[in-house]
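Quick heads-up: it's one chain on its own, the form predicted on its own, in structure tokens.
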């Protein structure tokens, strides 16, 4: 049984959102916004990597810093893997570098969340405009 056009549209929006979460900028790439996708990927990846550089992998703490971790997971599902690696120990960070690293990695995640919402919104607008023509 084929999906109705309304459900195809919803499935497409979900796919765009999941792509944008899996790889920052991939949602924009799916709707053919290549320049936006490149800028988003570069900005979010650099911000996240700088946060890891400043604070080490220990800033991804799924147990002791749940609110920060929730924001960090918005970067990509790969953060869950990094959090699992960091929880095994061997990565220490204390004081200001840890706080700054958490802030950078969390801001990167929240920025990616905004970009995901933007990609889904644009996908909806473009599809709705194409269906009316």
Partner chain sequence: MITVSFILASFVRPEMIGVNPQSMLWLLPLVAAISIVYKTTKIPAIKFTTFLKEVVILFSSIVIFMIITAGVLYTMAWLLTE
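Residue numbers count along the first chain shown, from 1. Values in this document were obtained by computation on a predicted structure and should not be read as measured data.
Beyond what is shown, the protein has a form predicted together with the partner chain; the following relates to that form.
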- Message: Although the partner isn't part of this model, could you tell me whether residue 62 comes within 4.5 Å of the partner chain in the model of the complex, counting any heavy atom of the residue?
- Response: no
- Task: Give a yes/no on whether residue 122 approaches the partner chain to within 4.5 Å in the model of the complex, heavy atoms considered.
- Result: yes
- Given that the partner is absent here, does residue 16 sit within 4.5 Å of the partner chain in the model of the complex, heavy atoms only? no
- Task: Using a 4.5 Å heavy atom cut-off, state whether residue 114 contacts the partner chain in the model of the complex.
- Result: yes
- Item | Contact assignment for the partner chain in the model of the complex, among 79, 54, 71, 30, heavy atom within 4.5 Å | 54
- For the spot marked by 26, 66 and 75, is every residue within 4.5 Å of the partner chain in the model of the complex through some heavy atom? no
- Which residues, if any, of 94-108 lie within 4.5 Å of the partner chain in the model of the complex when only heavy atoms count? 96, 97, 100, 103, 104, 107
